[in-house]
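Heads up, the chain below is alone and in the form predicted on its own; it's given as structure tokens.
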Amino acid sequence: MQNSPLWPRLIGHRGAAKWAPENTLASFFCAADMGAQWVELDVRLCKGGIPVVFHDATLERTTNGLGRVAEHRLDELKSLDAGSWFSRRFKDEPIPTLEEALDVIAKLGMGVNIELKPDPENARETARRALEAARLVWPESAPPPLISSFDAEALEEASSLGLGWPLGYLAGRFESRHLEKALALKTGSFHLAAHGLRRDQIDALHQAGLRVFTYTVNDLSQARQLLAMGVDAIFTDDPKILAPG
């Protein structure tokens, strides 16, 4: 069983993705300003094997670049504008490396969920390089990062590295085959889409010894309902969603 930090009820999804461009340093600063205790980020490899914080396999949606992240060197990615798509206020916001992002998040005093987003050909390499980079900068005094993925092979590699960091299994919906994989991997949490999530599924996961995290919840009434059903934590684009008042 991996070391288990004290989980918050709320985790900022890609930082504070409602208020700042996702997976950027600006988004993590924004999440901290809104009182988030934890944030989630996505990591994949660029050309040369350097872990960068980016969700999509391709650049078009959130930058002025074209093509696959995996086909661009870090210096090419650093020349892109990853903020203007969201607002001109964030013009020229760069794509951060994983080390840069974790250094900022740690200094802000937040915990982090690192979601591994491998390409089909590099699941194990993505896990290995991401965790190697994280180990270099993440303080031993801070809660250990939660490492999650939809990719079982990436989670297997993360577990094999022996860091003892908690693992989270990601799935779009509850299925017995996913639960079997999560238990085989000895994950501590199971992450499911909020849509269609039922109390009996939450109860079954708890009975199996797993915490239940759900994504992506941006409505206060839905957040309250899910928490009342027994969900342990929600991912949200709006870290202010559960603020008092």
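Every value quoted in this text rests on a predicted model; they were computed, and no experiment measured them. Numbers for residues come from their place in the sequence shown, where the first is 1.
Here the subject shifts to the form predicted in complex with SN-glycerol-3-phosphate (G3P), a form of this protein not shown in this document.
- Figure note: of the listed segments 73-81, 111-119, 95-103, 159-167, the one touching SN-glycerol-3-phosphate (G3P) in the predicted complex, with heavy atoms no more than 4.5 Å away, is 111-119.
- Contact check at 4.5 Å (heavy atoms) against SN-glycerol-3-phosphate (G3P) in the predicted complex: all three of 42, 55 and 215 pass.
- The shortest heavy atom separation between residue 86 and SN-glycerol-3-phosphate (G3P) in the predicted complex exceeds 4.5 Å.
- Interface membership of residue 174, defined by any non-hydrogen atom within 4.5 Å of SN-glycerol-3-phosphate (G3P) in the predicted complex, is ruled out.
- Although the partner is absent here, residue 90 sits far enough away that none of its heavy atoms falls within 4.5 Å of SN-glycerol-3-phosphate (G3P) in the predicted complex.
- Taking a 4.5 Å heavy atom cutoff to SN-glycerol-3-phosphate (G3P) in the predicted complex, the one contacting residue in 226-242 is 235.
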